[in-house]
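One chain comes next, on its own, written out as structure tokens in the form predicted alone.
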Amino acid sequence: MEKRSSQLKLSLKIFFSNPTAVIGLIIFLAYVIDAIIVEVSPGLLGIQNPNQLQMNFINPVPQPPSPHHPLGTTYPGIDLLKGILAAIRIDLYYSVVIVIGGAIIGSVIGIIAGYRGGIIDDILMRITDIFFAIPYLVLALAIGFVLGRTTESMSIALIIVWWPLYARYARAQTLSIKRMPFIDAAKVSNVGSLKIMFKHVLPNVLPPIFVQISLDLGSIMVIFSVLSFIGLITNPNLPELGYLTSLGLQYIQTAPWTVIFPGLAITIFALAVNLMGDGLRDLLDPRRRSSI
């Protein structure tokens, strides 16, 4: 217990000694807090309906930033600040669902393949290779054609594309972990394979998986927004950053803020989770831990 407490203190010391990682964590938490407020009490942010953009067809032309509209408006008369604050909840939710969904599926397959080895490993890894070979846009188009171009079907498409990466990570970690003495001790004690895989191997596979999850959150938010921007996700009036950016595209020359601000919200999140991921990666670096 004392050893775990000292390890936790060391990990926190390493993470908080990295200023850029701390900045990334603060920005990430700001997005999470915004999403929680919009979900629980959107009225605190002046948002009437968090599931629908509030349009104003009386004055649809984009207006520049002003005290009444701090980030201006986009077509058709949507307040950009309120739109972005509402959209962050949707984008963050789907990013987390897609990345966690892919990580769970990939980790289970990777651990089974790495621990079992032999023909099971060969079959699972060849299946993984097949999914690696499919471009995510092609798969998204195919699934969108079958299931419909909705946020749910695109999320399923991205989970299907994203799990192979985690299968590779989990398999590589499992191959080294299964040779360790505590695994041999569990086998000698007649502990079942299933219990060894998910009680002894899984906890040791998770740290690098968590680092990869933090890095992938930004990538998925960008990809999800791009799919919405180019029209592969059709959900009219949904507060989503990619869709919000597309509304102002026709005004980019006369009202650039309609594209810049939603784009910045995506870019800042992707940068923040990457900085945070670098800090988490330091926690796994033995040289970094020994230098503190």
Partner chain sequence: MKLWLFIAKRIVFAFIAIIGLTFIVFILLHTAGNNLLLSEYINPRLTGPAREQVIHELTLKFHLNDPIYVQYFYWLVAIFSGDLGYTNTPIYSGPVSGAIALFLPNTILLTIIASILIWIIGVPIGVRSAVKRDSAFDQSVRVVSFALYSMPIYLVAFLLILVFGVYLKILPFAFSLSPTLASNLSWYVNGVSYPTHIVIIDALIHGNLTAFANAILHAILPALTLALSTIAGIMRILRASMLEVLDQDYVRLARAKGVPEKVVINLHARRNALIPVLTLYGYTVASLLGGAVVIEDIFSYPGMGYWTTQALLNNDVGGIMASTLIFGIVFVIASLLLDIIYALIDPRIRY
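Positions refer to the first chain, counted from 1. Since the model is a prediction, treat every value here as computed from it, not as a measurement.
What comes next is about the form predicted together with the partner chain, which is not displayed.
Chemist: Is every one of 146, 242 and 253 in contact with the partner chain in the model of the complex, taking contact as a heavy atom within 4.5 Å?
Modeler: Contact check passed for all of 146, 242 and 253.
Chemist: Looking at 42, 263, 65, 60, which is the one with a non-hydrogen atom within 4.5 Å of the partner chain in the model of the complex?
Modeler: Filtering the options by heavy-atom distance leaves 263.
Chemist: Using a 4.5 Å heavy atom cut-off, which residue among 203, 118, 135, 192 comes into contact with the partner chain in the model of the complex?
Modeler: Among 203, 118, 135, 192, a heavy atom within 4.5 Å of the partner chain in the model of the complex occurs only for 135.
Chemist: Considering non-hydrogen atoms and a 4.5 Å limit, does the partner chain approach residue 278 in the model of the complex?
Modeler: Flag for residue 278 set to yes.
Chemist: Does the partner chain get within 4.5 angstroms of any non-hydrogen atom of residue 230 in the model of the complex?
Modeler: Output for residue 230 is yes: heavy atoms within 4.5 Å of the partner chain.
Chemist: Examine residue 22 and determine whether its closest non-hydrogen atom to the partner chain in the model of the complex is within 4.5 angstroms.
Modeler: Because no heavy atom of residue 22 falls inside 4.5 Å of the partner chain in the model of the complex, the answer is no.
Chemist: Would you classify residue 131 as touching the partner chain in the model of the complex, given a 4.5 Å non-hydrogen atom cut-off?
Modeler: Yes.
Chemist: Only one of 94 to 102, 177 to 185, 136 to 144, 67 to 75 gets a heavy atom within 4.5 Å of the partner chain in the model of the complex; which is it?
Modeler: That would be stretch 136 to 144.
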